[in-house]
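As structure tokens, one chain now follows by itself in the form predicted on its own.
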Amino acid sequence: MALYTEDQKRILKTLYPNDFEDYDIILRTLDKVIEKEVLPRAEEVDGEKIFPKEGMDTLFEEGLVSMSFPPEYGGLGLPYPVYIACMELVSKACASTSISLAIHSTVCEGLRLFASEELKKTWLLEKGLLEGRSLAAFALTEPGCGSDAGAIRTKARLEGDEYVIDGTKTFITNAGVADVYFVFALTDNGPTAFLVEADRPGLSIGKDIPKVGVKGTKTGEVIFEDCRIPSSNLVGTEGKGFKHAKEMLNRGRLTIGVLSVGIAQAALEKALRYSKERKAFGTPISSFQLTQEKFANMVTEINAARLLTYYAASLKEQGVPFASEAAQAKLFASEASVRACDNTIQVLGGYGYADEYDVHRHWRDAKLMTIGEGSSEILRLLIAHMALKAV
């Protein structure tokens, strides 16, 4: 089953007519790797709650995370929409693998944008975050602070040449398997970002959080109790943490948008194939008008979500503001993905609800996309706020 679609090819050819052949080779090569190394284990990763390290390591080796980063930090310097297209392939095969890689990549971007040259050199190059020799996690959410990021209670105080961090983070992707955490805490000057190594005394991993979907990811609590880090682990400037988080989340929303597209595409293709094989009243159910209506809606919404996401990614690549477009892409794509997966279950009927066709996995994975990196409700407020501000 080819993961790389004609719709993706057309978009990339439109965006990069002169370099399309080079990018097409990259996508076709990665397609074969994912189909061989990631896709066959996806159902097992979900069913057995297996952290997909082997698949992630393979994708790191293929240069997936380093793809859009500049060469001076160990990257390949490719356009961001090419990376987005590659992430669509990964999510189509295994959402657990794609979400863990996406969070890791968001931290790498945060370091690139805001960290000191010393931290960039240490983590992006020497410790190999872009190559996958180290794994990262993004630690913002707390037990009493999700959408209301301003309510964080984790504190960091400066003592000599060290910061001391106390507090608890929750719903942290890659908790317990990450080598480093991008942590947000309150200082006297306001919310601030820090890089905290996993082996620091005072950092411990709390309870693992069972989930409905993306079961192969590790999601849990990260606890800081008198956790001391050198002052050089400060990322950016004290009090600018929320500004840094917002810019990182803009990138993260693009990734969640394209992950949603990949999940929806996987569900759609399973529904299309099944509808041609399944007969009712002596004819394939694909010939029924109500079935075709579902397919028409799914195809239209998935393509709209893909176009919106790739468009927002191209704005990022051009270095122009893309916060609203990223929020729109994530909002529309995530909700369209849930609808597509719901319709797929409906087309398959009882088999859609059973394990045999591995369809409900996509619905369970898609639902998370409407919550993480900004819930649909918060994104609607954000989009409206930016629209009103622009008038």
Partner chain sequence: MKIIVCVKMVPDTTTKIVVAGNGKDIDRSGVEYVLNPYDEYAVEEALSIKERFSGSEVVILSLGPSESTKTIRTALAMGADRGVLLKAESTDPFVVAKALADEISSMDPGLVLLGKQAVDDDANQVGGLVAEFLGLPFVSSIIKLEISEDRAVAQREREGGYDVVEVPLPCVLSAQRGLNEPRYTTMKGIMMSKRKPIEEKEPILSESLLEVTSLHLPPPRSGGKIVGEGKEAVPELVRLLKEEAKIL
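Residue numbers count along the first chain shown, from 1. Because the structure is a prediction, the values reported are computed rather than measured.
Quick note: we don't show the form predicted together with the partner chain, though the next part is all about it.
Colleague: So, in the predicted bound form, is K9 in contact with the partner chain at a 4.5 angstroms heavy atom limit?
Modeller: Yes, K9 is a contact residue.
Colleague: In the predicted bound form, is there a heavy atom of the partner chain that lies within 4.5 Å of any heavy atom of K49, even though the partner is absent here?
Modeller: No.
Colleague: Contact between E21 and the partner chain in the predicted bound form at 4.5 Å, heavy atoms?
Modeller: Yes, contact at 4.5 Å.
Colleague: Quick one: is L78 in contact with the partner chain in the predicted bound form, heavy atoms, 4.5 Å cut-off?
Modeller: Yes, L78 is a contact residue.
Colleague: Among A193, C86, L254, A266, which has at least one heavy atom within 4.5 Å of the partner chain in the predicted bound form?
Modeller: For this set of options, the contacting one is C86.
Colleague: Go through I345, L39, V33, A323 and name the one with a heavy atom inside 4.5 Å of the partner chain in the predicted bound form.
Modeller: Checking each option against the partner chain in the predicted bound form, the one that comes within 4.5 Å is V33.
Colleague: Partner absent here, but in the predicted bound form, which of 332-340, 355-363, 58-66, 41-49 has residues with a heavy atom within 4.5 Å of the partner chain?
Modeller: Looking at the other structure, the answer is 58-66.
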